[in-house]
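Take a look at this single chain, the form predicted on its own, given in structure tokens.
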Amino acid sequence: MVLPSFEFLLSSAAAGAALALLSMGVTLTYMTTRVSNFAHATMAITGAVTTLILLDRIFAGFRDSPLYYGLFIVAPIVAALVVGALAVIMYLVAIRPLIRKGTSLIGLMIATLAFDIILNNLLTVVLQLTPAQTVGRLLEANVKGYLVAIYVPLVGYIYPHRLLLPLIALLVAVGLHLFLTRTPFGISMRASIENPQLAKIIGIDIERIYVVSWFLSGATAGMAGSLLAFEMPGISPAAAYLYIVSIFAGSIVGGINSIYGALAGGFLVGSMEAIVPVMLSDLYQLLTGSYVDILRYQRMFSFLLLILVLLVAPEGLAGIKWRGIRRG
């Protein structure tokens, strides 16, 4: 029973992909504006709440229709647009004025934490006060109860969102790579990241770069949160305070200044949090005959990984000279 099943590995890959998307978003805003956005996890929960409302108001009525499958496509897109716009509002209303006043990085970090608390409470109020039509009281509603499984021969039942999360994470990473390396705007963004002062001198609109980077960061958070709604046993804004720890762990493990490092670090941390506790619980039960739920301590393993990586590579996985290792 210690060996994982295909369904469990797919679920773990989905968790890793979701965290990879969230870590990439945090890294993107840090690279451009040097702001550590502590509201990023709550933005992901906003995407999950958006999915819940779409389900309650539109898609639950098509439960026995093929149109229900549209939820897996429509919800991430709508959530990405909603949360992307929310991230831009956060930057324009709170972050940019503080940057112009010369607020320190610690002050900006505290500002994002304040925004996080406000947004988290607003989401709780929305879920409490929104009259539910189909799924019951929204604060206690559960998108997971509306999962649609597809049977695959020789494999068994597979849930579509678990396939979509790794695919979307890969597509977003490739898309960001092409955007940053093949488009004039992306090249301008890279120049702004490497040397903002020089970029201003040669005529690059830095503010436009910052707005786009915050929108992209929020959009990835909304997309990840939307698909995570199909994994959560219930949608609770308070869950954001647990996710933010793992998000920053993934970003730091990968390398806080690298999009590709964040992709690798987020996937590694998310997968480790899903796989290691369950396998240790099964192993303990196999050896002793009694069961201990180690899953509640899953973030302990991600921080152990964080410490080990930083001891070997203080700049994260992206700071390791991989070519030198291969030659050695």
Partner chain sequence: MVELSALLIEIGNVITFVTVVLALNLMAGYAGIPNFGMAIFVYTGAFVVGALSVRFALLLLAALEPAALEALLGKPAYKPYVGDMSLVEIALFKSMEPTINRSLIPELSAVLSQKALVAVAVLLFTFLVATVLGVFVGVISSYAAVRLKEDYLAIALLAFSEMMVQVFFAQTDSVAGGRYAVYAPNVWPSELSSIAAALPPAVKPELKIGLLLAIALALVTYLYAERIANSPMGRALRAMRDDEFALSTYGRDIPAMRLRVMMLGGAITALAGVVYAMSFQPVIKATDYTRLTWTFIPWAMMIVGGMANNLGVVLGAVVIYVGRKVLEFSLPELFDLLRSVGIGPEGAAVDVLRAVAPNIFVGVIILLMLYLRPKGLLEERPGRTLGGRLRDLMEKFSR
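Residue numbers count along the first chain shown, from 1. So that the term is clear: the rigid core is the largest set of C-alpha atoms that superpose within 1.5 Å between two forms. On a predicted model such as this, the values are computed, not experimentally measured, just so you know.
A second form of this protein, the form predicted together with its partner chain, is not displayed here; the remarks below concern that form.
Only one of the listed residues (I193, I204, L170, M109) places a non-hydrogen atom within 4.5 angstroms of its partner chain in the predicted complex, and that residue is M109. Looking at A114, you'd find a heavy atom of it within 4.5 angstroms of its partner chain in the predicted complex.
Mapping the unseen interface onto this chain, L306 counts among the residues with a heavy atom inside 4.5 Å of its partner chain in the predicted complex. Of the heavy atoms in P97, some are within 4.5 Å of its partner chain in the predicted complex.
The shortest heavy atom separation between S36 and its partner chain in the predicted complex is within 4.5 Å. Not one of F72, L81 and A85 is positioned with any heavy atom within 4.5 Å of its partner chain in the predicted complex. Contact with its partner chain, judged by heavy atoms within 4.5 Å in the predicted complex, is confined among 205 to 213, 235 to 243, 171 to 179, 218 to 226 to 235 to 243. Contact residues in stretch 197 to 222 (any heavy atom within 4.5 Å of its partner chain, taken in the predicted complex) are absent; none meets the cut-off.
Annotation for L306: C-alpha shift of 2 angstroms or more between the shown form and the other one, rigid core superposed.
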